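One chain comes next, on its own, written out as structure tokens in the form predicted alone.
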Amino acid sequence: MPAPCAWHDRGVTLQDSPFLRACRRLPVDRTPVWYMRQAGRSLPEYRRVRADVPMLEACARPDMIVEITMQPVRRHGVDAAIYFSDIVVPLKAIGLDLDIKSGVGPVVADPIRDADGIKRLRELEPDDVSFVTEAVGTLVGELGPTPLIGFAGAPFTLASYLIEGGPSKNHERTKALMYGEPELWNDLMRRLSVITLEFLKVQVAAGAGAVQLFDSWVGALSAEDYRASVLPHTAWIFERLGELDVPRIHFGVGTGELLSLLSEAGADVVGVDWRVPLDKAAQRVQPATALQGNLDPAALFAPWEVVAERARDVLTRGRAAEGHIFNLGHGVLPNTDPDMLTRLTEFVHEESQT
């Protein structure tokens, strides 16, 4: 089993990590790798820990957060850990009635669709998520020179869940509010931006070495709509995160036509899904932007020779970027063989060694 913190013995510091150096577009001796949803259902040890424990309860227990966050680092030897949480955790923390239903996702009991509903969104206070501070502090101590990535959902995706009441294929209610009531929309987005920023700040204050903002559903928007209705709010978050001096990663699904705008919002690193080759993505983002990605998660179900060939192609195309972190183009699928991820991690490290 890979040893994630073997650098301790060599006196290597956190800032020497290949992950943080790649985020900052600095030279690395190998391409760093981690995986979205690396802590999750693909791991038998995760399923054992989570047995009979509801998702939102697991996300509020420091002992479980620490254990689940560490599991893929111990098993795969990845170059970064991602804080185990869910995008709706800060919304639950401010008192909204919501839950995560198995096989469905976040479900909101009383969707927010008018001014009165929006007023229910109070600001997040650090004491609302004291379990985050405790868990991050413990994780930083255990991870040593392996960075911890802080995690939050972006305002558009949070707004979509709150307005639709759960996952949506077409986001019709969300777009109706965005198109038809722009003042209400902007009020909602401002409040969600403040909550998101505070949630990330709590993680950084406790020791997270980087942050990733997930805008899972923003690929449902046109570039014009993104620029008018989402970009100002996301840019506000990234601008204020810039004061914390940690790398900022931005990721969305189906965002090939939005990559330039995602970069313009102020991220240091833009995550790219599997639909756009990295050399093409490098041409679309703003200068001074690193890329993260982007092996198709479904490729991991193919024979190893296919996985290796496709991973090698990602690494080759990633050289066109100013910095590259190897990842999947979306999260690890639940039925993925964890041994394939371990083998892939070792392959990326060996193949990219300089």
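These numbers were taken from a predicted model, which means no experiment stands behind them. Each residue number is its position in the shown sequence, starting from 1.
One more form of this protein, predicted together with a further copy of the same chain, exists but is not displayed; see below.
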Arg122, Arg275, Lys101, Arg240 - the one with a heavy atom within 4.5 Å of a further copy of the same chain in the predicted bound form: Arg275
a further copy of the same chain in the predicted bound form has a heavy atom of only one listed residue within 4.5 Å, and of Lys175, Lys201, Lys92, Arg191 that residue is Lys175
Among 50-58, 64-72, 290-298, 25-33, which stretch has residues with heavy atoms no more than 4.5 Å from a further copy of the same chain in the predicted bound form? 290-298
With a 4.5 Å heavy atom cut-off, would you call Asn335 a contact of a further copy of the same chain in the predicted bound form? yes
Is there a heavy atom of Asp225 no more than 4.5 Å from a heavy atom of a further copy of the same chain in the predicted bound form? yes
Report whether the minimum heavy atom distance between Val107 and a further copy of the same chain in the predicted bound form is within 4.5 Å. no
Give a yes/no on whether Pro126 approaches a further copy of the same chain to within 4.5 Å in the predicted bound form, heavy atoms considered. no
Would you give me the residues of 298-314 that have any heavy atom within 4.5 Å of a further copy of the same chain in the predicted bound form, in order from first to last? Ala298, Ala299, Phe301, Ala302, Pro303, Val306, Arg310, Asp313
